[in-house]
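Next up: just one chain, as structure tokens, the form predicted alone.
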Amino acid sequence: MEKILSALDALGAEQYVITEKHTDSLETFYVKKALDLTRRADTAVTSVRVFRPFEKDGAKMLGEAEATVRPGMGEAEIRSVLERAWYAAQFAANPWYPLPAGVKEPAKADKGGFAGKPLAESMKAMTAALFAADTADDVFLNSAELFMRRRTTHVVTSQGADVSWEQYDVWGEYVCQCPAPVDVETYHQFNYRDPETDALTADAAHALALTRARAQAAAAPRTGTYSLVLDREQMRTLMGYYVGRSGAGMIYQKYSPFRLGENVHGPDAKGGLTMTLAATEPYTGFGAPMADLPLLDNGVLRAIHGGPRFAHYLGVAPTGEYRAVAMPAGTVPRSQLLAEPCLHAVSFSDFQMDPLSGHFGGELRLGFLYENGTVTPVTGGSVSGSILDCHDRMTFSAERYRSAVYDGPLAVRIEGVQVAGA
């Protein structure tokens, strides 16, 4: 830190953000239930963002560039990488904006369930939870990778910030296999900030059941218009439309028509979604305190979120960058969402939401067709729809689903979605 600050002073760089990240991680790799490899990593990296004010055609500008400083660099090498960033910053001709003030506070320790425990102990518990679901003979986990991490972040800025905080999280991926009647494999991921062992076991059991159904699915659904049921991680992707469109950058560049105090579903809409952006870190990247941010209240936009640049251009306060969403649950049991004829799409090759157009969809890997009192697994074809057209035809489940980036209804039923199939 002293070498970086000295180099910045020599350059005359008076505005900067220095972010140190120290990560201690434990990684385990399994083939079936046999431990194949364990790896321990201890890494440190520092990023330095320099901001260079200048004038262009009589207008005040603020350029920005970033450099990476790694352990082992000497003073001359640090000066060299910062000089290159300082030189490059003059070519990023953005209209001037003020950097937000930060705070100087004591380090914050993580208060979650992983805090204070050895990584190996937490990894053992999460691994046991994952494999607790692997009890059948016809379908099993053929491989898995788990990553347990403790990260300390330290932010120092020219605007007075000096904060650091500790965070733990666990994430991983695993492949389920069902050899018969058709040999299939399905890929799954998880990510938690707390030791959600019961949730991981339930998710793995769900994944194994879906893999068994995928092996039995032989045909695509018929082309047509369906009532579509989505759940789990697809919910966060779907709700990403409102997160993306309420961003300061999207609104300033006129990619989004959202306005504070207006209903995001349209001027004639009565009511709508309620949504909160959840803070996953205690501070922004500029060292300012960060808190949960109410975003939508019955469809009305209550906040615009983003960093200092576009927030200043719009005349709103910068909030920091959010990635987690929280929503209240619905009132209809999931079983009731599936009671009427519908296509329950549970797995896609890559389910996507385009916040620019509002279109969502993906290639269907596995779904369940509910019709005429029967449930038929289907595979193939694709789903496509627009949240602009169907926002008033969404019914949310009373059951909840929680991950590192989503806490809200487990499922949603959307009426009138197009399916291209057989």
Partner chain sequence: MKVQPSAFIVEKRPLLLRLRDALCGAFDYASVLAEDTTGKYYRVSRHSVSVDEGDTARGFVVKALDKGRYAEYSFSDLTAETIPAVVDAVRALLAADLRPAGLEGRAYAPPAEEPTVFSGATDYDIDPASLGDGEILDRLAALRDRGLAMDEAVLDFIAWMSWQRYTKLFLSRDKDMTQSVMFVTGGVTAAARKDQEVKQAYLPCSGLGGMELMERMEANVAPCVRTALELTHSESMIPGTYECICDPETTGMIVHEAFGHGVEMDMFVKDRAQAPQFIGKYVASPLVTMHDGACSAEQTATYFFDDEGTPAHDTVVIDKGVLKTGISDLQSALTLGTEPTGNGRRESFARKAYTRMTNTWFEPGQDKLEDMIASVKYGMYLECPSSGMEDPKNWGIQCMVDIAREIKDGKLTGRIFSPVVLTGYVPDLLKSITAMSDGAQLSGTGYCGKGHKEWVKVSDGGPYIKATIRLG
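Since this is a predicted model, take the numbers as computed values, not measurements. Residue numbers count along the first chain shown, from 1.
One more form of this protein, predicted in complex with its partner chain, exists but is not displayed; see below.
> Wondering, does A420 line up within 4.5 Å of its partner chain in the predicted complex on heavy atoms?
Yes, contact at 4.5 Å.
> Going by a heavy atom distance of 4.5 Å, is R393 a contact of its partner chain in the predicted complex?
R393: no contact with its partner chain in the predicted complex.
> Report yes if any heavy atom of Y370 sits within 4.5 Å of a heavy atom of its partner chain in the predicted complex; otherwise report no.
No, no contact at 4.5 Å.
> Do T153 and its partner chain share at least one heavy atom pair within 4.5 Å in the predicted complex?
Contact check for T153: no, nothing within 4.5 Å of its partner chain in the predicted complex.
> Could you spot which one of N298, Q336, T135, Q189 gets a heavy atom to within 4.5 Å of its partner chain in the predicted complex?
Residue within 4.5 Å of the partner: Q189.
> So which of Y242, F114, Y322, F147 reaches within 4.5 angstroms of its partner chain in the predicted complex, heavy atom to heavy atom?
Among Y242, F114, Y322, F147, a heavy atom within 4.5 Å of its partner chain in the predicted complex occurs only for F147.
> 178 to 186, 325 to 333, 277 to 285, 161 to 169: which one contacts its partner chain in the predicted complex at 4.5 Å, heavy atom to heavy atom?
One stretch meets the cut-off, namely 178 to 186.
> Spell it out for me: taking its partner chain in the predicted complex, does every residue among A128, H359 and G381 have a heavy atom no farther than 4.5 Å from it?
Yes, because A128, H359 and G381 each have a heavy atom that approaches its partner chain to within 4.5 Å in the predicted complex.
> Do any residues of 336 to 356 have a non-hydrogen atom within 4.5 angstroms of its partner chain in the predicted complex? If so, which ones, in sequence order?
Heavy-atom contacts within 4.5 Å come from S349, D350, Q352, L356.
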